[in-house]
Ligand code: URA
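Just the one chain here, laid out as structure tokens, in the form predicted alone.
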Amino acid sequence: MKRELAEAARDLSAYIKALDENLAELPHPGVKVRPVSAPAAPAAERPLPVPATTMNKQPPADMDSLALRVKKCRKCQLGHARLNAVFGVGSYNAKVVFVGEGPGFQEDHKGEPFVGRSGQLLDKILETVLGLKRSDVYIANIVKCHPMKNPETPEAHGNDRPPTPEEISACRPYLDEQLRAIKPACIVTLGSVATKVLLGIDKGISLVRGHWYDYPVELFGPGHPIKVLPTYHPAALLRNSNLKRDTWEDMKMLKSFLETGKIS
């Protein structure tokens, strides 16, 4: 497994290095959520300083309290089956929050999001493309507990399944509270499930990636939207290397936004 991961990381790095810097922008897919473009909408109004280089040593009181609530949560069946609640990891001053679908086997055992092969590839993308570490951003999931096909066998591999609408509904408020506490300028949704849930759409990730959107929930009041950039889940890149080019385009857009505060 380590050799496969190393080969995937080297392949990604070599692929990225060889890509043309002037990639053509895809036509807008026509989803119902209003996309954000440079001429049509200004960038986030508040200034975007350079991301923090170290993780906050102490979480704000509201995040500390929220983490305890998540740990004790039993609002759905996931809370009764999981080994560890997976709250989130990273900087509480982060300007970007990466949101995935839910914890898997490795995350359930460690209590931290994106620590398996997908997580290690995500770390490599952050470092190679954005020049950031895991501690510079914030990483979370739609649901905080491992959705399992068979909850009675948490030690079994290949036991993952997508969260149900009921599980998503029970857990969704926790994510919005995290976003309110962190106050990021943007969210990167990783994969179709996270994108559909956060944008409230029914389009696949291949149709909506490559464009900016406004988060449909006003967490900070009118005039202060959070920008959303959908992209592929790192697990998809491990399965299909042809998706790396699109992911590179998306990360270039994110890098530009974080550096300039402007939508490109």
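Computed from a predicted model, the values in this text were never measured in an experiment. Start at 1 and count along the sequence shown; that's the residue number.
Below, we turn to the form predicted together with the ligand, even though it does not appear here.
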| query | finding |
| --- | --- |
| Output flag, 230, 246 and 249 jointly within 4.5 Å of the ligand in the predicted bound form, heavy atom basis | no |
| 4.5 Å heavy atom contact, residue 107 to the ligand in the predicted bound form | yes |
| Touches the ligand in the predicted bound form: residue 141 (any heavy atom, 4.5 Å) | yes |
| Proximity of residue 101 to the ligand in the predicted bound form, heavy atoms at 4.5 Å | yes |
| Partner-facing stretch of 180-188, 111-119, 88-96, 149-157, counted where any non-hydrogen atom is within 4.5 angstroms of the ligand in the predicted bound form | 111-119 |
